[in-house]
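Presented as structure tokens, the chain that follows is alone, the form predicted on its own.
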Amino acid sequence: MPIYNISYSTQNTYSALSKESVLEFLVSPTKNDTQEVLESSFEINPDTPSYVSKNVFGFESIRFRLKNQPEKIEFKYNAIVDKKEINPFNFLPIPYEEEMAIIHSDSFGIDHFPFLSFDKYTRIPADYSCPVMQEGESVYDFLKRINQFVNTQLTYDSSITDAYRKLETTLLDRKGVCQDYAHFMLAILRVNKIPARYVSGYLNQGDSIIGAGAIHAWVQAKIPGVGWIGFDPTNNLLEDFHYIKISHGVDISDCPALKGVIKGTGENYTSYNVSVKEQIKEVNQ
């Protein structure tokens, strides 16, 4: 099983001192059936009391408050995560007729209502021709098709710094970052009554992988009779053991790495760095 050393660090600089600030970091890998957090630690500079809280979906964030805020705040987080070597293709789908009966049932829609809803991040413009499932096409085959479709429809542009862009803007520009790819795929799947959730996490770095040097975003879709399966439209890949999950939600508004409230005037500037390194296993001969 691969073991990853993960580090996240950020530096917030303020042009004017403020009276008070409350910051919250959602950067801790979650514990689930595919990953285990072996160690974790964090540092705050200047040193200040902090506590861990859970959001509405049960994911842990680190929160702290600073009075008489300094010009610079630094936050560093480190973790060691053990991942199972999962094969995303290793499952048996149920027959097509059963899939369709479940997807179009009232109970399925009610149970997954949050992940079938639309907002400014996932609402398809009225004049956009949205792809739809074809007769006889399985949910899994449709998901793979849309994963590839979204990947080809947008151009990755790292110069885009607004992670909270409306889907309408993304489709107009035909470019974006991983959050935009994820929101686009979420929108198409929800139009087709497939529950889909936004996922944030870390990605094992590689030369051909986009988004590995930052908090990454991808999609998990609910396949009837199978469960939640992850898709990364930014790279046209399926989620495997290279993906380390932090949290999921309806869209990015549920999964920001950093959010907070600052009482004061002036501008603030944020820089951060993410590193994911696989541990080298020693072999005794």
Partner chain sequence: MQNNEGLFNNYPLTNNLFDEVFSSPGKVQDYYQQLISNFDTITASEYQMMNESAKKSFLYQGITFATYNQNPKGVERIFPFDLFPRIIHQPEWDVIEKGLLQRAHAINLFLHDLYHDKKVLKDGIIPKELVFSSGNMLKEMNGFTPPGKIYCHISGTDLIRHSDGNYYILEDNVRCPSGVSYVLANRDAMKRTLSRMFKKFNVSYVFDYPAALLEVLQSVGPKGVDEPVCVVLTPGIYNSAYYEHSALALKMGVELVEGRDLFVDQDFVYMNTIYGPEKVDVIYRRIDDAFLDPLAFRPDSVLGVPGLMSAYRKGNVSLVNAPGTGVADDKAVYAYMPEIIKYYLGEDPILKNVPTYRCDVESDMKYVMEHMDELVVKPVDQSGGYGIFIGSQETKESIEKEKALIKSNPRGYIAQPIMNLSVHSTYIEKTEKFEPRHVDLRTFTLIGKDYEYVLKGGLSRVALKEGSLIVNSSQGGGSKDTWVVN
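Numbering follows the first chain given and starts at 1. Treat the numbers as computed from the prediction; the structure is a model and nothing was measured.
The next section is about a form of this same protein that is not shown, the form predicted together with its partner chain.
Please identify, from 152-160, 194-202, 166-174, 110-118, the stretch that has a heavy atom within 4.5 Å of its partner chain in the predicted complex.
Among the listed stretches, the partner-contacting one is 110-118.
Within 4.5 Å, heavy atoms only: does Asp106 come near its partner chain in the predicted complex?
Contact check for Asp106: yes, within 4.5 Å of its partner chain in the predicted complex.
Does the 4.5 Å heavy atom contact test between Asp254 and its partner chain in the predicted complex come out positive?
Judged by the heavy-atom cut-off of 4.5 Å, Asp254 is in contact with its partner chain in the predicted complex.
Might Arg63 be said to contact its partner chain in the predicted complex, defining contact as any heavy atom within 4.5 Å?
It does: once its partner chain is placed as it appears in the predicted complex, Arg63 has a heavy atom within 4.5 Å of it.
Although its partner chain is absent from this view, report whether Leu26 comes within 4.5 Å of it in the predicted complex, heavy atoms only.
Judged by the heavy-atom cut-off of 4.5 Å, Leu26 is well away from its partner chain in the predicted complex.
Name the single residue among Asn236, Ser40, Gln220, Ser50 that comes within 4.5 Å of its partner chain in the predicted complex, judging by heavy atoms.
So the residue touching its partner chain in the predicted complex, by this definition, is Ser50.
Using heavy atoms and a 4.5 Å cut-off, decide whether Lys72, Lys76 and Val81 all contact its partner chain in the predicted complex.
Not a single residue of the candidate spot has a heavy atom within 4.5 Å of its partner chain in the predicted complex.
Residue by residue through 230-250, which ones have a non-hydrogen atom no more than 4.5 angstroms from its partner chain in the predicted complex?
The one in contact is Val250.
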